[in-house]
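This text opens with one protein chain seen in two forms, each one given by itself as structure tokens under the names structure 1 and structure 2.
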Structure 1
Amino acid sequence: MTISRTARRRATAILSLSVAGVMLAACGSSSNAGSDPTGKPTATGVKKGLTVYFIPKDTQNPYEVLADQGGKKALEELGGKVVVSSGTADTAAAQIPSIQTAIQKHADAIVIAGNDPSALCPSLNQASAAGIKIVSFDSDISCGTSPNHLFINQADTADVGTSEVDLLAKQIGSTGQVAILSAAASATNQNAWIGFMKKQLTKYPNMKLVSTVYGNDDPATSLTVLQGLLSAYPNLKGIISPTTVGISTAAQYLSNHKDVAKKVTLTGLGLPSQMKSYVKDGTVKSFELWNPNQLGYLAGYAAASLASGSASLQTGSTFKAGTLGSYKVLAPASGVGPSVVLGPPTVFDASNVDKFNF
């Protein structure tokens, strides 16, 4: 087990006490790993002073920023801290230095949104070998059985993919050419959702998927591939963008090109704060998402609980997640190891978009 800096400072303080004090402290700490300074068990069973590294897909994506803020709030409530560290590009190469830094700084846990399902595995294996607990969120990693990790799933994967197709089908009368504007081609969550979209599209024989393009969660790239789509498919009737950067970029373009917006319906996963104006001006009828702040908050509690030993990867293991309540670890499923699901996505439209500020 890696000893945190907080623990080392606490040990130094104990050595300065009298022999009797040392004995009492040793007795209290040996049986109450998740205790507050008075020796009473904490409500969550989580150790104080933990350091958790949050490694988002990139540090500039507004969605990721909100998720990281949720993680910070969770660790603040638990008496620990979050260090946000990543690159500015959605690549595994941009995330690996942050994993190495977490190892060097003896972090207690890493929470990572994988830009690639397998390229991060060697570095995460090193972290796990150093005693750092691994939690993935938003976009899972696929490293086989090593390192063991917990995936914090924003919503049931099948529900996300099928519901987006259903939203679009309702808006375009279940007929016409459709396309998908995704994030990175290697993103685990995007590919899983797209897989379920394709399955759901078989229920709508008059809707034809003509292309899937990738904007890499970069506004400029997303705009370029969007324009390519519209040029290549002049009869395109609908676009699903399961990424907040992609949908907001597409919405902005359509809002500025009303002639195109009249012909092409856009939906997907978006932030209410970014999409509100496009709903109000009629560019977008409806879209969906979960609260990314809550996703990061849940991931923070999960990481702290695993690092404290008050939760495990065993099916049925439970832990408390602050204001969100208790969560249970689900059994591994096809392509997914132990996981926890935040909850179902919310559909936003003109009737409710003003109620949400994230």
Structure 2
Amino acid sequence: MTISRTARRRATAILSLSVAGVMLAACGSSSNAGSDPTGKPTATGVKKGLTVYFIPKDTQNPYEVLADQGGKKALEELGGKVVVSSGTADTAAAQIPSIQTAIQKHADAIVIAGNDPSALCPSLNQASAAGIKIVSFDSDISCGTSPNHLFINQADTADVGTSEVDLLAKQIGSTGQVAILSAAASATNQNAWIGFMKKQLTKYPNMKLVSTVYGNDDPATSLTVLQGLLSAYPNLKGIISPTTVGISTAAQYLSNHKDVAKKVTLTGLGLPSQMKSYVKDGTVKSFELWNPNQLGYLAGYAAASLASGSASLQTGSTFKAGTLGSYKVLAPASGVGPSVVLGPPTVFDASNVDKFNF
């Protein structure tokens, strides 16, 4: 899929022109002309009264709810407002009416967590054509340059994949069978992380990835596939679950089956609030995550800055994100467009897990 990406991006760029008739941000990578002279941010560079639509994967995902709250806080600080809108199902189709609503309501910016990497592109393109700035977070959209958008990366994608493998390797002595318990098979961020995990695993010749299973972010399904995994691979040493539902389901199972927990080490991405009890009872030694609240907060500031013109998609453009400090737009690289990285993920263990309230 990556081979044809450039060609397709060019093609979609043409579409954006023909459809929108509006040229955005001077087509990013293809041209350096018209670089933003006001690259330096000013504290007052953000307009008041902005409306930012936050469109999470669905309205109930706890992780996203935390992020939305961060966004609300950001816009409150900036004198604007956040509208949260999405469907009940994790599907692109359920998000489209929300995008349409944002267009109808003349929103200034959209912050979206894509349920599908490309199904949302046509709608977002329309939004972009209507002058709405597009910011993606949590799970990126891959629309190329149409619309051109800023991705708020929770952590460097490669970092997440690599660090989780390292974390596990440290705990199991870099040897043994390992497996991955993921969310839905179609989840973009999951698949991207898994890709980097596989890459990193090549550095540990004695660690063997035996299986990747999908729990669809549903506790029951996660439990079923986990149990199947344990039956199939009695010598399994480690499980990486880069999804909050998966890791907490697995942790619950292991904490109740100490015999299994003795043999199998679990790590991945989890919410400290959910994982606290498992870290304390020793089921899980360490796991990581970033602060979803901060992620939303950063996305809110980024969206407001773009909408105010105080930041751009140009590589190196910087903007202030309230209490988080200043951020710089990174150059597009390997399938990811202009992006901003929140920071390295926090590793949680018994020493710090109590300090977080998300």
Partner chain sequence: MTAQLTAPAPAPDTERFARGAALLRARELGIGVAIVLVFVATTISNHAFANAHSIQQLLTGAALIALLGVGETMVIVTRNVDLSVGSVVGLSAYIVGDVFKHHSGFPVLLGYVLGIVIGAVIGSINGLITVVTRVPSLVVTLAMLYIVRGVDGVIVNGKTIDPAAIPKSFTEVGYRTFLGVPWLAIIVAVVVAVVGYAMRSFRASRDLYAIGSNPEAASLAGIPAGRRVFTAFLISGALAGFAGSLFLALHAQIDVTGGNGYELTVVSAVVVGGVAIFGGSGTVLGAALGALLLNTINQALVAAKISSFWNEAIAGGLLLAAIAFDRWLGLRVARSLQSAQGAHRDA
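The structure displayed is predicted, hence computed values, not measured ones. FYI, numbering is relative to structure 1, first residue = 1. Rigid core: the largest C-alpha set superposing within 1.5 Å between the two forms.
Trainee: Determine, for this pair of isolated chain forms, which one is the form predicted alone.
Mentor: Here the form predicted alone corresponds to structure 1.
Trainee: Assigning each C-alpha to the rigid part whose superposition suits it better, are F196 and S308 members of one part between structures 1 and 2?
Mentor: No, S308 belongs to a different rigid part than F196 (C-alpha assigned to the better-fitting superposition).
Trainee: Whole degrees only: how far is the smaller rigid part turned between structures 1 and 2?
Mentor: It comes to 12 degrees of rotation for the smaller part.
Trainee: I need the CA movement of S231 between structures 1 and 2 once the rigid core is aligned, reported in Å.
Mentor: Looking at the C-alpha of S231 between structures 1 and 2, the offset is 4.4 Å.
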